Structure formats: C-alpha cells, structure tokens
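Next up: a single chain in structure tokens, the form predicted alone.
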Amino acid sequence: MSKRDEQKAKTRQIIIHAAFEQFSKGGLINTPTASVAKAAGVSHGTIFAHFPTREDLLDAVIEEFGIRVSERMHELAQGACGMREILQVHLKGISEYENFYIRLISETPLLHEDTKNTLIMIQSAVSFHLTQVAEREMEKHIIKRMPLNLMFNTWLGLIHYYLANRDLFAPEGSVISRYGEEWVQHFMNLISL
C-alpha cells in the first residue's frame, strides 16, 4: 500500500469514527455531514471524496458497527461457549455503541432501503451465531427445542423494547448496564430445561 493509500484509509477511518459520535448525538437522519466533517477535522468536500453520498457514509458506519459487534460473537460461536455467554457478548458489543444503536433501531423506518438492508445483514449475522450455539444446546438438552427464529426475535424484541424506551428505564445512563444481566437471566429462564 502506498503512503497516499495509507493516508486515504486513515482519513476514511477518522471520518467513520467522527460519524459514529455525531450520529449518536444528533441522530442518523438529522445530523448534517458538515457536523461530521467538523468533528473529523476535515473539509466538507473530503467527506464526499470518501463517501459519494450521505447514505454511503451511513452504510459504512453501520457496516463498521456490525463488524465490531459480530466479530467476537463469531469467535465464541465457533468454540464451546454457552448460550448465556453468547448473549452477554452480544450485549457487550452493543453497549460499546449503545447511543448509536438506539438511534439505529429508532430511526430504521426512516432509513434508505440500502441502509435498512445493511442493518438486516448485521442482524442476520448475529442470528446465525446465536443459532449455532442454540442448536448445540438443544442437542445436549440444555435448552428447550423451539423455532430458532422465534427464539432470536424474542431476545431482540426484549432488548430493543428497553433500548427504544431508554427515557423510561435509564434516562441518565446506560440501559444495558442497568438491565443487561437481568435480561440475560430472564431469557435463560425462558429457554432453559
């Protein structure tokens, strides 16, 4: 990689990092790209040199989020981890970007179709890893046999409900820090034999 390409890749990462912060604060729909440029310390035009459209920037940020959340789950799912551990890792991955994730799930209906598809791909990757562990534990009679899609959607519905209503459950702090272990325990009670 040439020095120019290295600098280009570095600037791209700086922009994505700044966009994470700005989208977390101002929302995915309403945050202007000028705010991202200012936070990144680059010109407004530089944003569009790296991301031709605002949707391209948003897709890159969501994709980066998905990679970060699913990487550790992927490692664990390949090993001998249990259901409780994979749920905890899922929450830990989200908690590092909790404000961004709350914006993402709250604003999904307003997003561009391609951006929605990026989110669906992330949820599919998470579902795949949870399913791997669930199938192993069903075979070993550790957890109940049930449709895997319902199991995954029940888990996701639980955490999304609390996150989307953060004002009610944890207006001053992290919903996941406050309720995460309780969610895991409740879910394990539902599915365990």
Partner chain sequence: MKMCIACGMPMKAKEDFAMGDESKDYCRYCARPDGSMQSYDEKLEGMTDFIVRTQGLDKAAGENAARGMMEKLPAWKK
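Residue numbers count along the first chain shown, from 1. The model shown is predicted, which means the values in this text are computed figures rather than measured ones.
The same protein also exists as the form predicted together with its partner chain; that form is not shown, yet it is the one meant from here on.
Looking at 41-49, 123-131, 137-145, 23-31, the stretch with residues near its partner chain in the predicted complex, meaning non-hydrogen atoms within 4.5 angstroms, turns out to be 123-131. Every residue in the set Asp59, Glu63 and Glu113 has a non-hydrogen atom no more than 4.5 Å from its partner chain in the predicted complex. Proximity of Phe152 to its partner chain in the predicted complex falls within the 4.5 Å heavy atom cutoff.
In the predicted complex, at least one heavy atom of Asn117 sits within 4.5 Å of a heavy atom of its partner chain.
Within 4.5 Å of some heavy atom of its partner chain in the predicted complex lies at least one heavy atom of Glu75. Its partner chain in the predicted complex comes within 4.5 Å of no heavy atom belonging to Glu96.
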